[in-house]
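First, one chain by itself in structure tokens, the form predicted alone.
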């Protein structure tokens, strides 16, 4: 199965470390893995034009389409972000906003019955999703909730671990995730859960 990890960090740091720990464990179980750092991508924010409703794709011309294609082809998506002021990073938020809109309108029409939408399946329906956040101290809860809320409205199956899938690192800006033994064990168990569910779903 294919697992894609989206890294919302603007630097090569702690978030990347945790995501790659999960991917490495899954690659060892013969899954196809892909790490996508957004730091070198041009991902502009959704401009609310609603042209995706008509064209069945996002019409903004940047790096979004290539990343979105990998997301569509994935069986499981990991989304990781450092916590900035209690939130995920703007570039990851922009990617997820546009991916959610595009995924919805690719398979649905903007029409209502008795002023209510009747949604069918979407592009991401029943794919697995695992959120990962990284902070020095607090802010984890809201950022993790942002990712989980995005996944739940886009019809994903959300995965957890034996603790919230968070890492504690970055004191004074340090890249020191390798010192977080508890975080490492959380990521290892998260990888086990991903492997378990992918095998259950696809076998």
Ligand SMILES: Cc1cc2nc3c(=O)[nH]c(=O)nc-3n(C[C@H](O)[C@H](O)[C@H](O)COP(=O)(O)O)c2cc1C
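Positions refer to the first chain, counted from 1. Everything quoted here is computed from the prediction, not taken from an experiment.
One more form of this protein should be noted, the form predicted together with the named molecule, which is absent from this view; the next part is about it.
- With the partner omitted here, the residue from 39, 51, 136, 29 that has a non-hydrogen atom within 4.5 angstroms of the named molecule in the predicted bound form is 136.
- Just one of 94, 122, 74, 83 comes within 4.5 Å of the named molecule in the predicted bound form, counting any heavy atom, and that one is 83.
- Remark: residue 13 counts among the residues lining the named molecule in the predicted bound form, judged by a heavy atom distance of 4.5 Å or less.
- The named molecule is not shown here, but in the predicted bound form it comes within 4.5 Å of a heavy atom of residue 169.
- Comment: 169 to 177 is the region of 147 to 155, 169 to 177, 58 to 66, 30 to 38 lying near the named molecule in the predicted bound form, near meaning a non-hydrogen atom within 4.5 Å.
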